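So this first bit is one chain, no partners, the form predicted on its own, shown in structure tokens.
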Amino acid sequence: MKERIKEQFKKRFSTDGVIYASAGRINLIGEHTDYNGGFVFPGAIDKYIMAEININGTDKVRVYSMDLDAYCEFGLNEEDAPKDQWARYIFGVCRETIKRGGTVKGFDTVFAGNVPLGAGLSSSAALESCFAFALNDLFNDNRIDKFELAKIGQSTEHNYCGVNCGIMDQFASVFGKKDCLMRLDCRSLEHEYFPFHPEGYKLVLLNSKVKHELVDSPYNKRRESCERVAAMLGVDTLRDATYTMLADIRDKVSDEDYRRARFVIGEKQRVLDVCDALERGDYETVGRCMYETHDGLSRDYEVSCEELDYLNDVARECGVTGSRIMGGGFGGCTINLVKDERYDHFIATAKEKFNAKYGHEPEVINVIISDGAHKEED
């Protein structure tokens, strides 16, 4: 990918620039906990957005997307916002950097990526983090700290792309560290690295390649359920709730709200249990927690779908150590922790059975935990 970008950059701008990259991410466990003030457990992966950038001495940004075969040019003032949605991510990063007192001047760039789209691996956060890191390095001598770089990406989503996202995706893309997952406290933004290089296991995603469009707003409705229960308990978020507290108000909340809250309280603890297990090298406990998360997301939180439940069932039948839906739900991927000796059988079985039932094979995405945003070495 790097060589293709360099070739295209030379062809378009007749010069050379500096190459930067930032990663997509997985989340091993900790789903729908971010807006409940809880913990998530993401890691950057070996799938990147990569860009070559060169300061051009003007007040214009000239951008070429290799993957879309699309070109855009824009200024750096608010009224210069491009109409193309893909270019608004880069424009937003420029504007959010400027709003924070950073410097941004005109530059030329060519970018491309191998983060699979629509698979829940946060290609947009990787794009934002790549350019936030690059602009900080090129124009600001790295004076903007990493926390602020993650917030620049998040604010870009909020203010320029219409997505009211949490901080996890951008945080993982910026702070990612090879062979480590991160336990992120979504309330305080404190984080801790945990070694993750499971010898004898592979981490693989199976992308169902389906996405169910729903007529209502399931994300907002689940968030409202959690907020209602938290208010009933007199706590700010379900981060501070326990099973005992929930049991005490069982007859005062709807069955749906009760089940939503029950999942979140359990998921909060599972993240901590997985952290403890990793420190012991106990991947069987990690896998058990992953299955428990899937069951909770499917039955209590009701964000799974038939295809994802089927992939989870196949994983159990094949003796996969851990498997669960990853992401917001209603389509996308399962994330699977598989012993090396079971990997080939699992992949072959999943492809065959899923194709027989749904008419297409799931996409297999092997991932390795890698570094986040960085400057590429020459």
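Not measured: the values here are computed from a predicted model. In case it trips you up, residue 1 is the first one in the sequence shown, and so on.
Keep in mind that the form predicted together with ligand ADP is missing from the display, and what follows is about it.
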*asked:* Residues C318, T321 and F346 are flagged as a possible site; in the predicted complex, is every one of them within 4.5 Å of ligand ADP by some non-hydrogen atom?
replied: no
*Among the candidates F133, F263, F171, F111, the residue which, in the predicted complex, approaches ligand ADP to within 4.5 Å (heavy atoms)*: F111
*Check each of F175, Y201, Y301, Y89 and return the one that places a heavy atom within 4.5 angstroms of ligand ADP in the predicted complex.*
Y89
_Among the candidate stretches 81-89, 284-292, 96-104, 265-273, which one is within 4.5 Å of ligand ADP in the predicted complex when only heavy atoms are counted?_
81-89
*Might N312 be said to contact ligand ADP in the predicted complex, defining contact as any heavy atom within 4.5 Å?*
no
*How about L68: is it within 4.5 Å of ligand ADP in the predicted complex, going by heavy atoms?*
yes
*is_contact(P116, ligand ADP) in the predicted complex, heavy atom dist at most 4.5 Å*: yes
*in the predicted complex, does T156 have a heavy atom within 4.5 Å of ligand ADP?*
no
*Taking ligand ADP as it sits in the predicted complex, which residues of 31-56 have a non-hydrogen atom within 4.5 Å of it? Please list them.*
I49
